[in-house]
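A lone chain, given as structure tokens: the form predicted on its own.
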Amino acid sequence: MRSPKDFFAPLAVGAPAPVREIPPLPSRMIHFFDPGNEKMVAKAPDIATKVDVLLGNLEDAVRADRKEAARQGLVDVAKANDFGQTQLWTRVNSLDSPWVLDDLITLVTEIGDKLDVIMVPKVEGAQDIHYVDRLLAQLEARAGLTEPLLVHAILETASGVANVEEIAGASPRMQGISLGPADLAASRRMKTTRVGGGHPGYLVRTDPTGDDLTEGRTIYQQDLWHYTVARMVDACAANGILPYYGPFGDIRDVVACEDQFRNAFLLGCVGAWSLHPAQIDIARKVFSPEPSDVAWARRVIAAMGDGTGAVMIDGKMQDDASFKQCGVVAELADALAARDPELAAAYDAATKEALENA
């Protein structure tokens, strides 16, 4: 085990120093595209103006005979475009694949200065992050990079869930963790073939009111992923990194997608994956606080002053705990407003109205 004194030391001679804090950049939607697909590549510059993160996917959904083309396609896309405030991420192939070593060597040495985060699939423990951590440091030194690349793990195996706390704290490079529900379902032997979302068979039922055990009993569908998301959020929060919901596979069911994203948002996730342009606006809506919520948070913060003591606002008691809760909403709103003028105007208008009517 490394000494805590060495935790923030570079892992290779000439590699940049690790970050001390994860940059608080908006990442409400991580939009996936196949860099080996010419039609998707042609749309990438326009899509980049609508999303917080554009991710070139090299793993699942890319056939084995197209892996090299996808890798080279991402290099070409990165070299040919400046995506401005939009972050460029990639998901490399799994660490047990024959492609991942070439993925990392090629991407870091050729476009390491354009990439922000490398997403690593099927992470099972801290050992996987340690391997990637050291290799990235060596490649950064070779490429002469001045800023370290960050790492994002996907939680999609039973072992990964069991070790999520050690994964979250395995390296200063750790940017965040995403839930990977499809692979995780297979790893757990769950009896669902859906990619995220609920299942009509996973339910609770109200008690019977008479002798008929079927009459008048209301059914409530439950969230298959509540436990895993909550545990992932705790692990990320405890280690100063960011949690994300992953994919929602039923592109047509935009209502259920919004519900699943909102569940994750309320539990503490900062964003989700978008697999289709139809999901971009859903993620933007869900992972941006409502103007009314922002106005309330700012009103509480203004009334609380230094955050100590307690006040009554509209008949509701506010104290240091609610002050902290409101701080979470207000800080997120400020970060998003700095990037989105329309959202900034909506937040300011709602806050002004709330303070005038107080």
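In case it trips you up, residue 1 is the first one in the sequence shown, and so on. Here the structure is a predicted model, which means the values were calculated and not measured.
One more form of this protein exists, namely the form predicted together with a small molecule; it is left out here, but the text below deals with it.
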item	value
Candidate stretches 36 to 44, 299 to 307, 316 to 324, 286 to 294, one within 4.5 Å of the small molecule in the predicted complex by heavy atom	36 to 44
In the predicted complex, the residue from 277, 268, 169, 125 that sits within 4.5 Å of the small molecule by heavy atoms	277
Residue 57: touches the small molecule in the predicted complex, heavy atom cutoff 4.5 angstroms	yes
Close approach of residue 152 to the small molecule in the predicted complex, 4.5 Å, heavy atom	no
Residue contact check: residue 156 to the small molecule in the predicted complex, 4.5 Å heavy atom	yes
Partner proximity in the predicted complex: residue 61 to the small molecule, non-hydrogen atom cutoff 4.5 Å	yes
